[in-house]
Structures are given as C-alpha cells and as structure tokens.
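As a starting point, one isolated chain is supplied in structure tokens, in the form predicted on its own.
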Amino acid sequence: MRTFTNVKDLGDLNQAVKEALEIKKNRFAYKNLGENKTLLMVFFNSSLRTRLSTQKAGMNLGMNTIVLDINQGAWKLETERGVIMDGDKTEHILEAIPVMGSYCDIIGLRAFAKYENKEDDYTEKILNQFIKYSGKPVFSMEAATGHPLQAFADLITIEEYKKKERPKVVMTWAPHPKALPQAVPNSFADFMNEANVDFVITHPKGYELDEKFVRGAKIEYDQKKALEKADFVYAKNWAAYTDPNYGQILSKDRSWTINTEKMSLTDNGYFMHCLPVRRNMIVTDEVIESPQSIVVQEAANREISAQTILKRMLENL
C-alpha cells in the first residue's frame, strides 16, 4: 500500500476488517515492522482522536513519531504557484514537502476543506501535492473530501456490534451551528457502499452529497421513515455540496436532532458519531449516554484502523 485515501485502497474489504480485528487482539505483534522507521504526522487542522490514535498506532508498530502543526509550530505555507510571497506566508509548500519527506518513511496528512474554492477542495489539492512531491507513502488523516481512517474504524465497529449478517445502517444529517466539511459523510458512504450492509442516507433537500461517494445509495428525505428498523444510526452534520450553495448552512432545523423518540423507531439500534459532537444539536444527552451509544468504542477503533494502514505501508517499504 502506497497511499490510503479511500476504500478502494484497501482491496478486499472483508480481508481488511479481518486483519484489523486480528491486530486488535495483539497490538504489538508487528512491532518489529516499525523499528528504525519514522512516521511524520502533518496537521493543517486541529485534532484529538486522529492525533492520539495515529501516534499510538505508530508506537504499537515500533515507529518513531513526529508531529508537525502547520501554522502553529512551523512556518506558514504558501500553497499557490505564481504568487509573489510578500505576505504572511514564509515558505512554499513545494519546498516544504520534499524536505518533510527527507526526514521520515511515511507521512500522514490532515488538511480540511477550506470552502473557498470547490475545485481545489474536490481535487484534493494539498493531499495530492504531498503524494506527488514527498517521495514517501502518504495516508489521509482527513482531507478536504474524505476521512477514510474514520470510516474504516466505523466499519470495524459495525462488524463488532452487528447482530445480523446484513444490518441496516442509516447515515442521518443533523443540525450544527457551523458549516462542516463533507469529508466524514463522504467516506462513510464510500465504505458502506462496499460493505455488506443495507445503507440508507437521510437528509433535508439541498444536502445531497457528491454522487462519486453516494453511488446510488438509497436516499430518504423523511428521517423517521429512514430510521425504521435501523441497526445502526450514524449522525453527522455537513454543509451543502451542490452549487451555488457549496459550503453553506441551509438549515439548523432542530427537528433532525437524534433523540430517544427517533431511536425508538430503530431495531434497538446503536448510535454512532465520529466525535466531537455538539450535544443537544446533533444528539440529545439521553441518547449519547445510553447503553446503545457506541461512540467511545468507535473512537477507540481509530487506533486499530490507523495501525492496519501503517502495518500495510510498512510491509511494502
């Protein structure tokens, strides 16, 4: 594995999940793989779970880990060609990337959508520059359009908690005070469409996602109807994707908040969310604190998804 940006990079998805669950049984079984190898984690945006889980995954594999916070612990980087660098950007990304690559063996990158230019976001301009110019294997720790480490952890969690061979999984939009990227819902759809699940997406009209990720999945605009007999409810906010409203908040309708009444429509379903979560906007206290909430277990599996990816990359160095 040279890159990890989407579900296709994993190959056989069932085998990938099986491998992840085996790693979870013994996290230190492959510690020899990372001996004298260095993982560089580059953050253009803040993080809690991604930073801790990925660093822990590298350590489990015996790797040295370096964490670099762009714009905080490093020079501000210019990302555009042809500009006169007479502003607050001290270094160009095209020099910085190969320099970073010279200090490590594998690079993890986190760079959110800026919602300034849809083409820049959806061509993954920053991520692809790292892939092209670093000379090292690169994996996404959340990019402009995807968060595959999160979606892989979500699938691992569903595999652990499912009560039937083909569970019903519903991804529902929920209200939020800020315009959030489509990265998490895009990757969740990307993975669920390849998994053995009955996948349904529900959201208000105007919040349709990129068809590249949806790929013909069932869309139900009636949230309550979508939630009927669900085994897993994945709540997440995202801003509008379609033009001319790209990156905008179209609704803060609190009737879409996941509450006890909504969960009662499910088949004793589990509640999932990538975290951090805005309580009583995305989900009520009662639901997220209930025995059916598996958000903490889901977050813990971020270590496992990251370790599986790093193991595969180390095996191919």
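None of the values given here were measured: they were computed from a predicted structure. Start at 1 with the first residue shown and count on from there.
This protein has a second form, the form predicted together with ligand CP, left out of what is shown; the following refers to that one.
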{"property": "In the model of the complex, segment of 63-71, 250-258, 284-292, 49-57 with a heavy atom within 4.5 Å of ligand CP", "result": "49-57"}
{"property": "Heavy atom of Gln150 within 4.5 Å of ligand CP in the model of the complex", "result": "yes"}
{"property": "Partner contact for Met272 in the model of the complex: ligand CP, 4.5 angstroms, heavy atom", "result": "no"}
{"property": "Non-hydrogen atom contact Lys168 with ligand CP in the model of the complex at 4.5 angstroms", "result": "no"}
{"property": "Interface membership of His203, ligand CP in the model of the complex, 4.5 Å heavy atom rule", "result": "no"}
